[in-house]
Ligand code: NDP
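Next comes just one chain, in structure tokens: the form predicted on its own.
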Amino acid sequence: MMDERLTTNFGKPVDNDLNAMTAGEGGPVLIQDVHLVEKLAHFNRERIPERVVHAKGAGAFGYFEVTHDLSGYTCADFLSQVGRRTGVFARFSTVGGEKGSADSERDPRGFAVKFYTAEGNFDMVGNNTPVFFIRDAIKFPDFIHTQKRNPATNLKDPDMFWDFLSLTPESIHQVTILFSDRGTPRNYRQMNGYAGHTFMWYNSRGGHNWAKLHFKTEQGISNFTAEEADRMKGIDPDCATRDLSEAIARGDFPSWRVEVQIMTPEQAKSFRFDPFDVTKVWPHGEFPVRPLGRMVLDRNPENYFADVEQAAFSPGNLVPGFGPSYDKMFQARIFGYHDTHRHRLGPNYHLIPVNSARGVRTSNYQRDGAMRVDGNGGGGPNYWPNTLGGPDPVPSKAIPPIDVTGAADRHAIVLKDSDFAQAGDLYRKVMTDTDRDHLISNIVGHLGKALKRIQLRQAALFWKADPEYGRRVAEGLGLETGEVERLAGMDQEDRVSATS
């Protein structure tokens, strides 16, 4: 609740907020007007750096409740008892667009949830798709550059977009999802969320399994067609942001079932593809989803900047019972997310209320830095080891050891199957005739703006996923289908050479 009195940032009452202090009626303005200087100086610094990705988003507070006991698989305290509730903050976003972009753009949607547990914050940092475009984070800056603006024209560039994707066959699964109607969700309430990455789940006995988290909307899936999405950009570019806020305000609280897939270490070692490859999904027929809990969002932020803009999530924020896996994207994101938050929000961004641990008092030897707004450790020691009463490590909370072997080198993930099988299955077995029609139309409309040689190369990738898929794209683009089929029969290096 704000005070009725207007004050400076340091509490001095402001006598006048309409007229700057001047020397006489005609001026000039006096630098001694502390309120004017403070007001202008703060205004000049109101904008923090925009997120490189996930720049535009919406968020809300709520809770997660355990509905099924899976404590045999994980010793995570917040999952230890059916009926236990944990406070959460969720942020949804578009990925590639700037802060002022439209909510109905064709783009994956960020789906991030911060759990305020009694053993620290656990962040689930995922998307509305279960897979991603790439599986090695060394490609990530390049991939994101191609989704942004051309460095010369400052315009979105279909050649950049499709050139990279056509040179990166592992992207075909996510591309197929993105250019279906799932690429334009109607709002944030009617879409699923997926961690994407594989977590280690370990129990109190030191045993571990691998786990994938899924958030299934209880509002039902709803997507825009391409035409509806384009029209909505002009009608209400903030449609998803508005929908979430207004739904919660009227008491229509969105909710998601939280489910998990579990794979044993033995199954992972012998599985037919790398289970830590984030471009792949685990087949539900072999690893069925198990119910775990339910998430409900029931409170809007009181201030967008304080809570949504400053919210900072990281895959590295894990709690006992959760650990990282061999997933190469996961490993790199553990560094990348914390680092970008330190740049954008400062070294003490963890003290911002929306990011602060709530279920536990934090205690460590990190001191000082810009915007240190707590007691800064008081007079306690700022080093370890010490005999002056500082906090001790807790060996019992260690993550179980896992085997790491092999030469230190730049290893590619060894493919036991192809990059195209799951994309082909999605096209043939999951999509309806209408879904396929929309997919082809959406691809042709976007890919058709790229250079012909890039069209040929990308169409060949679609052909490798499914011949009908590739043929329909080729026909829609006016390409010679025999040439596309010939390119599809080549290996990637020869295909690139033939279209360069």
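Quantities reported herein were computed from a predicted structural model and do not represent experimental measurements. The first residue of the sequence shown is number 1, and the count goes up from there.
Although not depicted, the form predicted together with the ligand is the subject of the following passage.
*Asks:* In the predicted bound form, which of the stretches 78 to 86, 369 to 377, 189 to 197, 342 to 350 has residues with heavy atoms within 4.5 Å of the ligand?
*Replies:* After filtering at 4.5 Å, what remains is 189 to 197.
*Asks:* With a cut-off of 4.5 Å between heavy atoms, is Met431 one of the residues that contacts the ligand in the predicted bound form?
*Replies:* Output for Met431 is yes: heavy atoms within 4.5 Å of the ligand.
*Asks:* Does any part of Ser180 reach within 4.5 Å of the ligand in the predicted bound form? Heavy atoms only, please.
*Replies:* Contact check for Ser180: yes, within 4.5 Å of the ligand in the predicted bound form.
*Asks:* Does the ligand get within 4.5 angstroms of any non-hydrogen atom of Val281 in the predicted bound form?
*Replies:* Taking the distances in the predicted bound form, the answer for Val281 is yes, it comes within 4.5 Å of the ligand.
*Asks:* Under a 4.5 Å heavy atom criterion, is Pro130 part of the interface with the ligand in the predicted bound form?
*Replies:* Contact with the ligand, yes.
*Asks:* Looking at Gln310, Ser325, Gln422, Gln219 here, can you tell me which has any non-hydrogen atom within 4.5 angstroms of the ligand in the predicted bound form?
*Replies:* It is Gln422 that has a heavy atom within 4.5 Å of the partner.
*Asks:* Would you mind picking the one in His214, Arg106, Arg358, Arg294 that has a heavy atom within 4.5 Å of the ligand in the predicted bound form?
*Replies:* Exactly one listed residue reaches within 4.5 Å, namely His214.
*Asks:* Output the sequence-ordered list of residues from 234 to 271 with at least one heavy atom within 4.5 Å of the ligand in the predicted bound form.
*Replies:* Heavy-atom contacts within 4.5 Å come from Gln261 alone.
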